[in-house]
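The chain below stands alone, shown as structure tokens; this is the form predicted on its own.
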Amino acid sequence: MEEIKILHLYPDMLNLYGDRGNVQALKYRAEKRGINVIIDYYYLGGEAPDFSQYDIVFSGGGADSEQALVANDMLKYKEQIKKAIDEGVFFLLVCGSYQLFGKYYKGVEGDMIPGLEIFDYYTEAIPDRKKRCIGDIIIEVDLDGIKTKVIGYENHAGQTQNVEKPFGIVLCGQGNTFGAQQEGFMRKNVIATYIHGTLLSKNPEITDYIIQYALERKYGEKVELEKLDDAFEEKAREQLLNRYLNKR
């Protein structure tokens, strides 16, 4: 039986807007295809994980105070995380975790949270606490030549700049900065995004992209995932797309 190992980082601290649902979506769609899923959890101050032993690593979003605590802990594993990414382990990073993998996060009061500096982007919050990138968001992404629309919810004051390659092009909402045309960051084995709500349950194609990538890397052969009945999900997506895109 095929198997996928997932590491969920700081599930008790980085779980804004149900971000942990992304792990459940991966588990659900993998197990529907007879793929065994093992989920391990790493908590603040816990035993050091071996990131390279996993197929997928997930880390969600949190408030600035939680993000600062997590950053201090995560920095201990900077080299191990970089090694895992270089080896092809898939990383899914939402909101605060997206920011932490860049150079730094500068908060509303000017306080600096150091990033892992794995990627070249950086984030600075708007000083006005009332001004946030918040609301429904739709982006168009390219998954190895297949274009699809991604639906979600964003709520962030941070403005992320110097992004080499975005996750997608903004059709509705803000994105990396106010009025941005780009949202998130992407490499073949990294998706970093501000999209909550939750990303994977609303967007099955992204979930399947990650599962397929993880299996092909692990077993060294091309994988064709069994088609699932997504009629209900697609009907819900169609309604949301019509509602949000027609508001523009």
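All figures in this text were calculated on a predicted structure; none of them were measured in a lab. We number the residues from 1 along the sequence you see.
One more form of this protein exists, namely the form predicted together with ligand GLN; it is left out here, but the text below deals with it.
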{"property": "Position in contact with ligand GLN when the complex is considered in the predicted complex, options 31, 40, 216, 64, heavy atoms within 4.5 Å", "result": "64"}
{"property": "In the predicted complex, the residue from 102, 152, 168, 96 that sits within 4.5 Å of ligand GLN by heavy atoms", "result": "96"}
{"property": "Touches ligand GLN in the predicted complex: residue 27 (any heavy atom, 4.5 Å)", "result": "no"}
{"property": "Non-hydrogen atom contact residue 132 with ligand GLN in the predicted complex at 4.5 angstroms", "result": "yes"}
{"property": "Any non-hydrogen atom of residue 158 within 4.5 angstroms of ligand GLN in the predicted complex", "result": "yes"}
{"property": "Close approach of residue 23 to ligand GLN in the predicted complex, 4.5 Å, heavy atom", "result": "no"}
{"property": "Residue stretch of 219 to 227, 55 to 63, 180 to 188, 41 to 49 approaching ligand GLN in the predicted complex, non-hydrogen atom distance within 4.5 Å", "result": "55 to 63"}
{"property": "Members of 26 to 48 lying within 4.5 angstroms of ligand GLN, judged by heavy atom, in the predicted complex", "result": "none"}
